[in-house]
Ligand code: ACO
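Given next, in C-alpha cells, is a single chain: the form predicted on its own.
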C-alpha cells in the first residue's frame, strides 16, 4: 500500500514500464529511436522506414521496406460506409473528435477481435498507420463542403497525405518538411498518450481501442494541443517588435507565467526536435518567405533565453511545429491530428512491447475520503 510520502503527482520520475522503443536524455537533448538519433532519421530517412524501425525494432532491409511500403499503400483506402459516416459528422466538430470516432469505426470495418492472432495484429497495425491520414484528410475536406479525395498509391506517405488534404502534390521541400514532422513526432518515450496506450493494451483490448484511447489522451491541450496554443500566442503578440513588451506585461501580471512551447517535463535544454525542424523548415521558407509568426517565434525564443534559460526552460518541438504547419496551409485545428498520424507508430510499438509478458496495470491509490460512514435511510435524512 502506498503512503503519503511515496505519492508523486503525475507519476513524475516513477517508471511505468521497461521499454526498448526509444531513449531520451533531457539534459543532453538526446532522443533516439531504437538507438538511432532522431535528427539523423529526420534528415536522412522517411516516415515509412521510421515506423518500421519503431514497430519492428530494427532498420528494414531494402526488401522489407519495399514490402511494408506496398502494404501501407494497399491499406490507405477506407470503406465507403466509413466515408459516409465521416460525411455525417458535424462540420463544426473538432478534427480530433472526428479522428477518435474514425479510429473506432475503422476497427468495426476491419476487425481485430483478439490480440492472440499475429497476422490480424499485423494487418491492424499496418492499417492504422496507413489509414489515419485518410481519416484526417477526409474530415478536413468534408467539413468545408469539399469532396473526399481518395489516396494515391504512387505517392509516399507524406506526399499522399498532403495530396488528400489539398488535391495537389506538394513541392519537394514541402514533402520533406512534412515527412520530417511525422518522424519527429513519431515517438517520445512514456508520455501521457503512450502510457494510455500501454494501459489500454494491458487489458488485451484490440489495437483500434488502444489507438483510440491514445488519441483521446493526445487531444488534451497539455499534450497534443500545445502547438495550436503556441501559434495563437505568436498571433496575439503580432510581430517580433512586440515580443519584449508582451512578455514583460505577462510576467508583471503573473510572475510564474508559462510561455506556450517553452519548457518540457523532461528537457532541460532546447529540444533537439525543435532544432532539426527549424533547419528543415528553412527550405520551405526559401519558397514562401519566412512567415511573420516564425520571426516572432525566433525573437520570443531569444528573449525567453535570458529569462527562462537559467532555469533550464527552453523551446520544445511544439514551439515551431505549428508555425511550419501554418506555412504549409494546414488549418490550425488539424495540427494535433497530424501529431496522431505520426505518433501512431510509437503507440503501436509500445502496444506490441506491452503484449510481451503482459500484466494489466493496476496501481494503488492513497485514500483521502471518509471510511465507516453509516447509511441513513432517505426518509430519516434532514
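Being a predicted model, the structure only gives us computed values, none of them experimental. Positions refer to the first chain, counted from 1.
Same protein, other form: the form predicted together with this ligand, not shown, and the subject of what follows.
Judged against this ligand in the predicted bound form with a 4.5 angstroms heavy atom cut-off, the residues 232, 283 and 323 are out of contact without exception. Scanning 65, 313, 328, 355 against this ligand in the predicted bound form with a 4.5 Å heavy atom cut-off leaves one residue, 313. Of the listed positions (199, 260, 164, 158), a single one reaches within 4.5 angstroms of this ligand by any non-hydrogen atom in the predicted bound form, namely 260. With the partner omitted here, the stretch from 131-139, 145-153, 80-88, 217-225 that lies within 4.5 Å of this ligand by heavy atoms in the predicted bound form is 217-225.
Taking the partner from the other structure, this ligand in the predicted bound form has no heavy atom within 4.5 Å of any heavy atom of residue 347. Among heavy atoms of residue 318, some come within 4.5 Å of this ligand in the predicted bound form. Although the partner is absent from this view, residue 109 stays clear of this ligand in the predicted bound form, with no non-hydrogen atom inside 4.5 angstroms. In the predicted bound form, residue 264 approaches this ligand with a heavy atom inside 4.5 Å. Contact residues in stretch 170-207 (any heavy atom within 4.5 Å of this ligand, taken in the predicted bound form) are absent; none meets the cut-off.
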